[in-house]
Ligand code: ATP
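What follows is one chain in structure tokens, specifically the form predicted on its own.
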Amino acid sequence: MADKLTLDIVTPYGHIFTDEVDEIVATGSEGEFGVLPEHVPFLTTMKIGMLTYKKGAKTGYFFVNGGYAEVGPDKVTILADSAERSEDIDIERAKEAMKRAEERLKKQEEIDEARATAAIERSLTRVQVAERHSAR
């Protein structure tokens, strides 16, 4: 019986993270899900959100921009459209991106509303993930 999970996070830009962890919590398209060792296998789509893992007393945070999660009894693979470690997120840049997207929505002039809304969601989530890292 396994007492750890291998967490792999991969994007089209490369391999982001691999480690043995105790627990994972992520945002799937149907809601948040948690994974412990010996979890029943499943496959799900991911939405913009935070991925959290615990390894002993340490907690790690990632911003995940959609993709897929494949969960097995001893391994979780995240195939993300993009992903960032909390410590790599530039909070000021994320806040500026959110401000620009909000301004585009306010103007309502020939904008793609869904795209602007997604930009706001991505920026807000990046800020939340980065602030989790800063709070440690």
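Here the structure is a predicted model, which is why all the values come from computation and not from measurement. Counting begins at 1, following the sequence as shown.
One more form of this protein exists, namely the form predicted in complex with the ligand; it is left out here, but the text below deals with it.
Asks: Taking 4.5 angstroms as the heavy atom distance cut-off, pick the stretch from 54 to 62, 37 to 45, 83 to 91, 69 to 77 that is near the ligand in the predicted complex.
Replies: Only one stretch passes the 4.5 Å heavy-atom test: 83 to 91.
Asks: Thinking of Y13, A97 and R100 as one candidate spot, does the ligand come within 4.5 Å of a heavy atom in every one of them in the predicted complex?
Replies: Every residue of the candidate spot has a heavy atom within 4.5 Å of the ligand in the predicted complex.
Asks: Given a 4.5 Å distance limit between heavy atoms, list every residue of 29 to 43 close to the ligand in the predicted complex, or none if there are none.
Replies: Stretch hits: zero.
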